[in-house]
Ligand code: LLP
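A single chain comes next, written as structure tokens; it is the form predicted alone.
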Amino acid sequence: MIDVFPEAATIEDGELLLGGVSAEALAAEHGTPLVVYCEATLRRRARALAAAVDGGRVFYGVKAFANVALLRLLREEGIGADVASEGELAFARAAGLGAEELVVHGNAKDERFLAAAAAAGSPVVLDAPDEAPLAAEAGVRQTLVRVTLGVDADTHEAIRTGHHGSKFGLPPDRALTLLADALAAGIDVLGLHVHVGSQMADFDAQEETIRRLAAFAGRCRAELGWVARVADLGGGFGIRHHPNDRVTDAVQLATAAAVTARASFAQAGLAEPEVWLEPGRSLVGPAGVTLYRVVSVKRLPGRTWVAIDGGMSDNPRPQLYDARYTALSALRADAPADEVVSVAGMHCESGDVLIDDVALPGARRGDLLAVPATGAYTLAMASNYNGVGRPAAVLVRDGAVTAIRRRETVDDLLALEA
């Protein structure tokens, strides 16, 4: 099981250590639930993905977890930011990212957001039929056009984005019109953007999408005389959340995407584009571990419930996407896992179940559970359901701990009341 934990995770004298710090020490100092990020894993993955594009550019999908400290760390490794709201743009700007290090997204960008993007000087991905004149009026100088090419990804339906009828992008004929509108408005259109889906376990759907993108780029040249200089291939590379998951490594997928794009454009008689990628989950997901305290155990006929002090308010992915996780008893990590239990959240929903079945040493109140691969879309999707504050987050490396997000308090929640 330890292989789905960050690379700096070890077990010593039966206890889980993260970045050289004991899980119990982290929980005692910072409380639970607590999301712990391994700096070594973040940096290694950032460097590997940056190298995979071989001269292209990598933008972190900030929706995976908007955090100034993480953005600064990734920037140190040459990673920019893909932002899809004014808030995400503000996080990136607070982290010191400049115009060339950002790309702005969104299927519902209003005038205010476009103005903020223009003020930042960043490229904007056009997504809606009437967006070109709005972008020009706002002062946006560089854009890409998002095209939806009708490829169905083999992933959960809620995170498919490249199929016909998707809310994202436009089908080829309408994307061509949008491109023409942008050119007529005097905007510098850098290239084309595609994204087929999230948590992709293999390369099949993305390969077909990239080939169709090259063909569409050829059509753009033939009909408009415009040549794409950038091929933004999105992200969506999957990670392992559970020991039994079979997922191709993100670096292999990124390398294949870049190679395929260059080859496909060449086969279409087009100049080699600059390849952009927008990974989110694959950058930060494997680096995160969430620590929970067990607050009750109910052994019932047919099922044992282990209730923790968090749940769907800090990680709604099991309810949204049927996401599957595993857990380790952090203080008895080398004890025999001789009891199969279900890990339930604390919320007033029967569906608030984090893990349906996991083998643990006989569970008891006060145990500390560690759930790996929770660095993406956990805190990002966290809520205040049942009046619960969102968790804290820390960064660990070589025995040092840095707080990167404080825990929300009841006072924080009440401060929003009018």
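Numbering starts at 1 and follows the sequence shown. Bear in mind the structure is a predicted one, so any value in this text is a computation, not a measurement.
The protein also exists as the form predicted together with the named molecule; that form is not presented, and the subsequent description refers to it.
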Each of 279, 377 and 381 within 4.5 Å of the named molecule in the predicted complex, by any heavy atom, yes or no?
yes
Though only this chain appears here, would residue 329 touch the named molecule in the predicted complex if you measure heavy atom gaps against 4.5 Å?
no
Tell me, yes or no, whether residue 310 is in contact with the named molecule in the predicted complex, where a contact means a heavy atom of each within 4.5 Å.
no
Can you tell me if residue 131 lies within 4.5 angstroms of the named molecule in the predicted complex, counting non-hydrogen atoms only?
no
Contact label in the predicted complex: residue 305 to the named molecule, heavy atom within 4.5 Å:
no
To verify the annotation, which of these, 290, 206, 122, 198, has a non-hydrogen atom within 4.5 Å of the named molecule in the predicted complex?
198
Determine which one of 71-79, 230-238, 263-271, 133-141 lies within 4.5 Å of the named molecule in the predicted complex, judging by heavy atom distances; exactly one does.
230-238
For 84-105: residues with a non-hydrogen atom within 4.5 angstroms of the named molecule in the predicted complex?
105
